[in-house]
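In the form predicted alone, a lone chain appears below as structure tokens.
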Amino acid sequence: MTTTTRGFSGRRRARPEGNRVPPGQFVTDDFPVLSAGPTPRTPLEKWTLALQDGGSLAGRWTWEEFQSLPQTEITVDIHCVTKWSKLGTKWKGVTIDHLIEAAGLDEPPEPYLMAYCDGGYTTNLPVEDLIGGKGMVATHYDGEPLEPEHGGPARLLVPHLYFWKSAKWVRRLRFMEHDEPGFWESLGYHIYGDPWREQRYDGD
């Protein structure tokens, strides 16, 4: 079941000048919540994040260990496939580059990655869209710990793609030799999800 919170329709405001908002989007000051199921609430003492190379474990971090990794703060615009965009959002977390380095890998071992989350959600991504500072595992939003409704304690953040690719409650990242669909992709959403090309659904 898909659940939403009040504000999903958003308080719309005029599309700003310039090129910050992809076609078909409206800007909102709200932060709507859209999830494929109930909100998991994992105690931090039981939380871990794993990095896999295929079926082999490349790295695993407890919450305390994860917090000791290099932290990065970014300000980015985000764009949901349901057509809202939120500008100037502020996040803090660990970049995928730093995770790869912390696992002792010189470079990503495979060209694709699947994210696995509490609640059974998955989404696929090209590794090229995660490295070079383009992706992170975020733990803070707007200076505060990430709330469970927004994916806390940790979510994937890939702001240049539609926001379903920024998987909530992420717990495992697995490198793959070949691309394969995740949860929404297997139900007809686009395999890549570029908001600037309006890649919302398969065939777009």
Partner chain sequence: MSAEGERSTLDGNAAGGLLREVFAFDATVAPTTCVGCGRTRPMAELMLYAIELGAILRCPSCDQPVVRIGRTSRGLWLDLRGATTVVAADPATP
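Positions refer to the first chain, counted from 1. For clarity, every value in this text was computed on a predicted model and none was experimentally measured.
Beyond what is shown, the protein has a form predicted together with the partner chain; the following relates to that form.
A single residue from the set S166, T139, Q52, S35 has any heavy atom within 4.5 angstroms of the partner chain in the model of the complex; that residue is S35.
The partner chain is not shown here, but in the model of the complex it comes within 4.5 Å of a heavy atom of G119. Contact check for V127: no non-hydrogen atom falls within 4.5 Å of the partner chain in the model of the complex. For the chain shown alone, T89 is not a contact residue for the partner chain in the model of the complex, no non-hydrogen atom being within 4.5 angstroms. Taking non-hydrogen atoms only, V94 never approaches the partner chain to within 4.5 angstroms in the model of the complex. Between 42-50, 27-35, 62-70, 153-161, the stretch whose residues reach within 4.5 angstroms of the partner chain in the model of the complex through a non-hydrogen atom is 27-35. Of all the residues from 165-202, those having a non-hydrogen atom no more than 4.5 Å from the partner chain in the model of the complex are F183, W184, S186, L187, G188, Y189, Y201, D202.
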